[in-house]
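Below you will find one chain, with nothing else, as structure tokens; this is the form predicted alone, and questions on how it binds or moves follow later.
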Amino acid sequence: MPELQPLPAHLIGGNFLLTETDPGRVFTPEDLTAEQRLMAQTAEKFMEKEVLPHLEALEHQEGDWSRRLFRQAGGLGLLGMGVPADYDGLELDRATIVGVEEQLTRLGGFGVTCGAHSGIGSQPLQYFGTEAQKKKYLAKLASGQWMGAYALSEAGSGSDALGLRTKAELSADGKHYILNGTKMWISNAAWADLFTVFARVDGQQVTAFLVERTFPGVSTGKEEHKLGIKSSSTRRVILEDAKVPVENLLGGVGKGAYIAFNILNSGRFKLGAGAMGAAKEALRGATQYALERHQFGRPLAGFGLIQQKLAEMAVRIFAGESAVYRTAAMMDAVFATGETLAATEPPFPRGLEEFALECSIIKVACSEILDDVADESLQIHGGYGYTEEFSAARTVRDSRINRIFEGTNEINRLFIPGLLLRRAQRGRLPLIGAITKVTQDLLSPAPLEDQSGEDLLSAARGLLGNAKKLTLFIAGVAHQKFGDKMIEEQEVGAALSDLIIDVYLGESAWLRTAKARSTRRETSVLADLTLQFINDAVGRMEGHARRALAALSQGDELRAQLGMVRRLLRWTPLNTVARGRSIARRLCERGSYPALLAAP
């Protein structure tokens, strides 16, 4: 790999743990221009007028509704937003695309159809394809004339993606690769025209191929009987002596793993962005129901525990959304440098790989936020929520797959500390030096500054800084004890990941509010949402730290370390009851999450 050029500190993946970010350098939803919002509005109208009226037909896969609406989405430009204009795409930035993703996922299965196509179904070709391959296929995919799919998983290699057994052998005349194997759980399989298929050349080198549906030897199995996302297609893709022209080899022999993992980075980001759209829709439905449904002579929204649920949903969505837009703009900024990595031919943009850690954070956090919001929305609906009369039941069913898609949340939790360590070893991140300094500082502690005179937002930033120090300290203790085998200590790794996730989301929310405050925007509700999230995160972070340290130390050493945890995470609990009621009251007055944040 060539030597990478230096980037500003906030554009280095994982560096948020080691530095403080200037709020002025962070992109927030409040920064969206009228033009950027227009695409989301186009998607919203499309969903309202064209997709949701046919919900039942889509959920039962009746007729040709899925393909028909998919093509309509393509005609509106909703499927080629990130594709270069040379291939009939709109070439839009990721911050703009996020708004569209949020709208399409209001119906989970249809969101999967479109997301799997425009993300992992099209991006391998966009980033790794030759000019001839892109000219042949990419415009068809961007317009919705063709549908794309991504075929990596197999029956025995789900999370262990590189355990695949599908084989590819060069034909005697050297004109084709002959593929044999079966791919499992392939989204869009029933309708896709082009599959990105991963196979082992000569049983050894993992390699990607562009496989047309009409190639001899390509077929699909029956539709899987799924718990949710029923309006999407999920089938096996069966390859029986499938003949694939040699010119359809993607990125070079043996480069398949590199392609697969880096495309998954983008897929994880898109999944998290979409999850926030589904969560906002679930919160809107829960708010509306809480206002309309009366019990004991008053609306549900008038009861404290319902207000608490509504507020907690809004708080978590706010933090997740803040992290999504922050990351979208950082990815765009690195893409804009034009820097490439030469591990494949053609080389691909550094922006696809730089924020792999942040993409995993967003995937884990946002999928779990959606699950929690969906569950609480159903609870607010009571018995009706458990019926198909309301959307709450479908949202719960649809949301559950996101913790499995694009690498399970368990795999992603292990990936986060593992990637930090690998980048440190390769000199891409000054992690070891930071750990050493933090450890020395904490073992010879200076008195913590008295923050009682600070406003709550300033105190919250100080707490987040201490949480970063604590994370680095625990990482140092773990590395000292286990060395490079730390990755095998999965429980400790997961605890570290959960600390990192809360830090990133908390900081993203804080930066968003601080930026709004600096530009004199109305910030009271942003501050309430931020402080509520950080206040709740303190208890979670302390629990993660205690669990990790108890697995690493014992006796007096452990007691001293636990004292350090208490000292670093010292925080006077806020009155979350009053603040939560205020958030819920404003939410009910305005009716939806986006309106909750709007200035008076």
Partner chain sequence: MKILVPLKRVPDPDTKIRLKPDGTGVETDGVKFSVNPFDAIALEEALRLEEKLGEMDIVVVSIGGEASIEQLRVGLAMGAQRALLIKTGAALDSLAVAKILAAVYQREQPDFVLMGKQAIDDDANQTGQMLAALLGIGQATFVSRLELVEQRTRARCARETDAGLESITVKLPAIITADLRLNEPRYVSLPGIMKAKKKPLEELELEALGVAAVARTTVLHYEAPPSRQAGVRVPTVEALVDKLKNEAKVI
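Keep in mind it's a predicted model, so treat the numbers as computed, not measured. Positions refer to the first chain, counted from 1.
Beyond the structure shown, there is the form predicted together with the partner chain, which is absent from this document and is the topic of what follows.
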Problem set entry | The unique member of Ala393, Ile432, Met184, Met81 whose heavy atoms fall within 4.5 Å of the partner chain in the predicted complex | Met81
For this session: Identify, from the list Leu568, Ala545, Leu58, Met39, the residue with a heavy atom within 4.5 Å of the partner chain in the predicted complex.
Result: Met39
Problem set entry | Contact of Leu18 with the partner chain in the predicted complex (heavy atom, 4.5 Å) | no
Exercise. Can Trp65 be called a contact residue for the partner chain in the predicted complex at 4.5 Å between heavy atoms?
Worked result: no
Problem set entry | Partner contact for Arg590 in the predicted complex: the partner chain, 4.5 angstroms, heavy atom | yes
For this session: Would you please decide whether Gly77 lies within 4.5 angstroms of the partner chain in the predicted complex, comparing each non-hydrogen atom pair?
Result: yes
Exercise. Heavy atoms within 4.5 Å of the partner chain in the predicted complex: which stretch among 31-39, 527-535, 571-579, 552-560?
Worked result: 31-39
For this session: Taking only heavy atoms into account, state which residues of 519-549 are within 4.5 Å of the partner chain in the predicted complex, ordered by sequence.
Result: Arg521
